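This document opens with one chain alone, in structure tokens, the form predicted alone.
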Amino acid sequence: MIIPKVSKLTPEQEAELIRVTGEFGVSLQTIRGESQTIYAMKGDETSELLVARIEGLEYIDRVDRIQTPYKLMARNNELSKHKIRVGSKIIGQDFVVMAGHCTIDPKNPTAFFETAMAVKEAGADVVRGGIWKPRTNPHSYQGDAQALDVLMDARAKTGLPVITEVMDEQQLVLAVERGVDMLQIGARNALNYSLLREVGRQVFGKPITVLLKRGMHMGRIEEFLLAAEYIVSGGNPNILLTPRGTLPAMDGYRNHPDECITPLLKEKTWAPVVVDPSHSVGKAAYVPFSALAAVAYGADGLIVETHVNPKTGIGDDPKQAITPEVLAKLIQDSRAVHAMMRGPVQLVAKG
């Protein structure tokens, strides 16, 4: 990892840096943080002569050689100083809540508009809306691109950022072109490395945040962080990690709740953690408990399925969506727990 002395190199300096590393068969990937551009080396970076040549350039501060497979995601990476902004919030500094439908029904846009306004009034910071849906049964509703119009209309009506899931390159391109603020990569695609690479390429240089859910079969934390590494290595460090339950499912729950991995993630990486309690437990009555547990474990935010009338929803909404009234109480309680948990941590850090 090459750290310049200045926030951004000139084109001439970049060209020289590329020429020097190229002599050793090493290519560069530009990573644009909020206040600092850094350069990831791809190839054999073990040459002491290579490091000496780079650090000998007057505009280079240092070369960091991080000894983990997930070099960009590592906690001690320079990207730890990067701030991820969504709307008016800085995730990791501000507690952030995303809420809305599992699935937008383009035949009933009014329901989504009502939900979007209701979650805003409840205190949510981002409107969630599923457009394309991964389904086990090929005969189940798979989503409709027309719902993208509904999502963007809700963005205009509420003034809030929006998030939706993409599952392939075509959906990715459509979402990016329309100006979706946040992209979700679901649990089924968390190991789809070609898609992860393409997401990194598509969002390079754009203020789009990627929410990566933990795959259902990701037993090791390293697998999760390496999946994120694929995206960040494309050049965009705006990434959030989302535990959402794993397999095998716990009896009575949809999945095996895994909000407890939050401290472990924070020990290993700088990326904020936003937990999905809805898919973790899979039943609306349990969602507030799972959500508050996630906050107590140190989550930086929540993504919660919410619907003004869950029984009339499609997708998972009838089973696991909470109402805006429940969301409002959950947000109030979550922010209180978050504030309480941050106090002792700050005191220990200062002491």
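Residue indices: 1-based, along the sequence shown. Note that the coordinates shown come from a computational prediction; the quantities given were computed from them, not determined experimentally.
Beyond the structure shown, there is the form predicted together with a small molecule, which is absent from this document and is the topic of what follows.
Inset, instruction - Could you spot which one of H82, K120, R244, R155 gets a heavy atom to within 4.5 Å of the small molecule in the predicted bound form? - result: By the 4.5 Å heavy-atom cutoff, the listed residue in contact is R244.
Inset, instruction - Please pick, from G186, G92, G200, P257, the one residue with any non-hydrogen atom lying within 4.5 angstroms of the small molecule in the predicted bound form. - result: It is G186 that has a heavy atom within 4.5 Å of the partner.
Legend entry - the small molecule contact at P109 in the predicted bound form, heavy atom, 4.5 Å: No, P109 is distant from the partner.
Inset, instruction - Spell out, yes or no, whether the shortest heavy atom distance between P134 and the small molecule in the predicted bound form is within 4.5 Å. - result: P134: yes, in contact with the small molecule in the predicted bound form.
Inset, instruction - May I ask you to state whether E165 is within 4.5 Å of the small molecule in the predicted bound form, using heavy atom distances? - result: Yes.
Inset, instruction - Determine whether any heavy atom of C102 comes within 4.5 Å of a heavy atom of the small molecule in the predicted bound form, and answer yes or no. - result: Taking the distances in the predicted bound form, the answer for C102 is yes, it comes within 4.5 Å of the small molecule.
Legend entry - Partner-facing stretch of 267 to 275, 67 to 75, 232 to 240, 126 to 134, counted where any non-hydrogen atom is within 4.5 angstroms of the small molecule in the predicted bound form: Comparing against the small molecule in the predicted bound form, the contact stretch is 126 to 134.
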